[in-house]
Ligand SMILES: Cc1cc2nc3c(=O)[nH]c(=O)nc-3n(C[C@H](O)[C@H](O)[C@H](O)COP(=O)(O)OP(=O)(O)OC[C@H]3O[C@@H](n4cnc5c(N)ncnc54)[C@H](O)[C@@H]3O)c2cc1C
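Only one chain is included here, represented as structure tokens and corresponding to the form predicted alone.
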């Protein structure tokens, strides 16, 4: 990790102060710095040294070792209430690179229907922009992240140019799934991945460690550290271990003047800037706005609508797995290479469903050997019996926005700086439950087509979140119905912008990072012009 005694004093001049060094903040910072602006980035967590990734890999494989990215403790305390507990600290990383440090790396564009669910189907909300508006920025985002993909998905929205990198070939088990899916009329296709299928942007091609989540030792999987490096090369200043405590506005309540942050020794500093960009995720963006309440804004900044924190959404997991009487070669590939979007755009179910064919089903022989109590021939025999015939098909299921699912402050619990921690309220609606059940029906049918012995099914009662935090500072044209305008600037404060999936009015069922990157490219263009 970085030096705890590094200079963390404020920059004397800043055009933009970006809060958060995950993909949203890092992309905005890099593009603004490269455009010639003075940029400061504040991140609550540390820098992680690339040289430590192999050591982290070793720790990940060892039994009983958890927490590669330092989450937990008083700094990261949170509360959860409502029908379902939400495992927030498993879903995020505080540090330079953000959650891309431990993400899976799948990057799909939202479909055209995702921008108009209210108009088309009378549910959810419409975005104040459509797919055509975001389409050129999706292409920019694919170049920024170095996306490997192929134009072979019959359900994908139209695109204008090839992917920057060729797609990864389907795995051995994906080919087995393809046979069964074809019999059921479910076309399969490649998965766009933000990992290098060949050298790109100074990083090597994937060498197949197979541990993409939680750690990629080769650097082939994109992390926001790439854009942080670009930002610093262009002159930006990045201050780690600097959690922002509150934002301070001017007397008129029209502009944010500064971000007040703390350093490891407990000292508070004030970073003044002409513009502030919040990019610390769908939970911490909300928390910081609420912590910045003032006499002018007693309910928190940018919250004249009362919607800051409401409409919290995630994607729900559905899945089924089992064993077949064939070699599957599971765990040779640590990421998904094939999916099926055949259920996505229809009306049965209405919530979007994306099927994923998992290349890491069943026990890994490495982790099983490290956990074993036997040795020699006995161990070899048990590994041969347990490994190589598992299959699993997972899926992400769309959750429609619900104002009662929300992020608030738990004032009975405080962090290491004495601030109230975030409280997550999360529930699953009836439409989502029905969509999970429909996904399970299809997943079981696929496995039955393969004559699999089904070991497990994850349905609506056992579902969990995919760790995609969306919707809590939603975008719209009406200040009474949204927090930010279509350009991602808050309705209430002239120089406060929000980057990331918290601005999504709906979330579809596609992994959100490519849309986060596309909106960040767009925001950076707008802010560049404004500055």
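Residue numbers count along the first chain shown, from 1. Everything numeric in this text was worked out from a predicted model, so none of it was measured.
Quick note: we don't show the form predicted together with this ligand, though the next part is all about it.
- Of the listed positions (445, 369, 421, 90), a single one reaches within 4.5 angstroms of this ligand by any non-hydrogen atom in the predicted complex, namely 90.
- Screening 95, 170, 319, 149 for any heavy atom within 4.5 Å of this ligand in the predicted complex leaves a single hit, 95.
- Annotated contacts: 17, 303 and 476 are all free of this ligand in the predicted complex [non-hydrogen atom within 4.5 angstroms].
- Judged by heavy atoms within 4.5 Å of this ligand in the predicted complex, the contact stretch among the candidates 381-389, 182-190, 284-292, 446-454 is 284-292.
- Taking the partner from the other structure, this ligand in the predicted complex has a heavy atom within 4.5 Å of a heavy atom of residue 24.
- Proximity of residue 103 to this ligand in the predicted complex falls within the 4.5 Å heavy atom cutoff.
- Heavy atoms of residue 45 reach within 4.5 Å of this ligand in the predicted complex, making it an interface residue.
- For the chain shown alone, residue 243 is a contact residue for this ligand in the predicted complex, at least one non-hydrogen atom being within 4.5 angstroms.
- Contacts between 199-224 and this ligand, taken as any heavy atom within 4.5 Å in the predicted complex, involve only 213.
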